[in-house]
Structure formats: C-alpha cells, structure tokens
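Given next, in structure tokens, is a single chain: the form predicted on its own.
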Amino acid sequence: MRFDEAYSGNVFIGSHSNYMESKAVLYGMPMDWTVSYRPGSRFGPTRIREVSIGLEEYSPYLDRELEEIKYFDAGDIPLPFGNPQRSLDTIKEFVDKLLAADKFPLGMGGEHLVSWPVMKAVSEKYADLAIIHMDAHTDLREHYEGEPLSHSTPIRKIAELIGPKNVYSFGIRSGMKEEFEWAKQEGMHISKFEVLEPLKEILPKLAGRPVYVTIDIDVLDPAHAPGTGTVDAGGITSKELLASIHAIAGSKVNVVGADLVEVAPIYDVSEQTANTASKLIREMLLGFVK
C-alpha cells in the first residue's frame, strides 16, 4: 500500500491527510477466512469508519481532541481472499513498514487471527513486550480441528513467541479446559469474567514496559455488542471497557500498538456494535497515542 496520499474511501472521523506528519496510522485487516462460527468480520473496518461520522472528535473522558494527535487512516490492507497465510504475511509486511517509520499502529479487524502477525512484528521491534488481551475467549488452542491458522490460536502463538508470563488476558469466560490448564501450568495470567479491577492490579507491574493491547469486541456482553462472530453471554459492559482503556491510558505502561477485532456488522441491524467500536477506537487513539 502507498502512504503518500490519503485513502480514497471513507475515513475515520478526524483523519489527517498527510501520512508523513501523522503520529499514528489506523488501518483495516478485512479477513475472516478461518472463523469457526459466523463469518462477516471482514466488513467490520469499513462500517466502523462509516459510523464514526456520528462521533464527536472531542473526548470528555480524556479532554483531548483527535486533531491533537494527527493520525492517518490508511484504509484496508488488500488481502488475498481465502488465503490465510498470504494474508498474514501481507499484514506483517504492512505493519513492519509502519514500525520502521515509528508510527503507532492501530488496527481494525477482521477475525482475531489478524492480530498474530501484528503482535509478532511489534515483538521484533520492542524487547520485553507484554500483551494485554481482552476477550470472551482464551484463543489458546494450538489448532482448530487440525488447522493451526485459526482465530482460536493467536494468543497461543504470541505466548509461545514471547513467553506465556508476558501475556495478560482479561474478561475470559469461554475456552477448552485444556487451554485454561496450559495457561496455569505455563504461568500465563488469565482473569476470568472481569476486566477493569484485575487490570488495575496488573498495570503497576507493567510500568515502563512496551505493551500491545488487543481487544476482541466479544469481551462485551452480547447485549452491548451483538454484531460479532461468536457471541458469549456474561460479558462486561461498554462502560467497563471504556474505563479499562482509560485505565491503560492513565497508567505508566508504554502502549506501542493496539487493535480492535471481530466486529461483524451483518448481525446487528441496530449498528450499536459498530458505533460502540468507533467510540472505542476514538478513545484508543486519544488515550494511547502520546
């Protein structure tokens, strides 16, 4: 993809027109080739952009405006339909270029597998990387029915790459018994059901470290986000998720990249999921990009 001109499609509200002058780059990863239940998350990034027109550029939570951070919406990465490995390679190549230019990468999925090449790229640039992962699901499988490239496997992959003790999962309420047992055995941190309070306990321990934040929209209860591929009852509220983003933003961790994945607009005629996601993206931009 070229960065020397503005994305020609719809852009997220407040997007700066000049890539070179931007501190952060927002980009879409429109892939749902490996989903195990309901497809459609490849349409998430476009719809999140489209509904962002309903947002204000000012955040009363953070007392900041989008114009203060100068971010560039690069559009969606063109991915080869139906080819997971080539898609993941393309995503990594794209993010490698952003990191080489010292841009803050903020991705929109797409299924959660798209986070894997991004986290890998970030781990290659930043030593001692930690992952903050918010999700309904563990995503710690080695494979799904024999396939290692699955949206059920990205957290297992990054845990094996950087060490399970450097991965912190929150809001988890679904997964195989073996996944929970593996995490416990390997010393990986999993907070079941809740996000904000256990997150507040962990953040001081990560002070000064580079941190990548990956959020699956299904960490929210289906009442707050029905538009996702694998809904799971018993989740947190959108208010708690916003507060969790703000807790990270107000901490002493060094957020070096982030993503929000698994928005599938077709399952939510009210569009509350896409609208919630767009607000979360705004708060991530304003809170994480210094």
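Heads up: residue numbers just count along the shown sequence, starting at 1. All of these numbers come straight from a predicted model, not from anything done at the bench.
There is another form of the same protein, the form predicted in complex with a further copy of the same chain; it is not shown, and what comes next is about it.
In the predicted complex, Pro80 approaches a further copy of the same chain with a heavy atom inside 4.5 Å. Interface residue remark: Asp128 is not counted as part of the site for a further copy of the same chain in the predicted complex, having no heavy atom within 4.5 Å. Contact between Ser22 and a further copy of the same chain in the predicted complex is not found at the 4.5 Å heavy atom cutoff. Interface membership of Glu194, defined by any non-hydrogen atom within 4.5 Å of a further copy of the same chain in the predicted complex, is confirmed.
Contact with a further copy of the same chain, judged by heavy atoms within 4.5 Å in the predicted complex, is confined among 197-205, 167-175, 153-161, 210-218 to 167-175.
Taking the partner from elsewhere, every residue among Arg38, Glu147 and Ala223 has a non-hydrogen atom within 4.5 angstroms of a further copy of the same chain in the predicted complex.
Contact annotation for 31-66: residues with any non-hydrogen atom within 4.5 angstroms of a further copy of the same chain in the predicted complex are Asp32, Trp33, Thr34, Val35, Ser36, Tyr37, Arg38, Pro39, Gly40, Arg42, Phe43, Thr46, Arg47, Arg49, Glu50, Val51, Ile53, Gly54, Glu56, Tyr58, Pro60, Tyr61, Asp63, Glu65, listed in sequence order.
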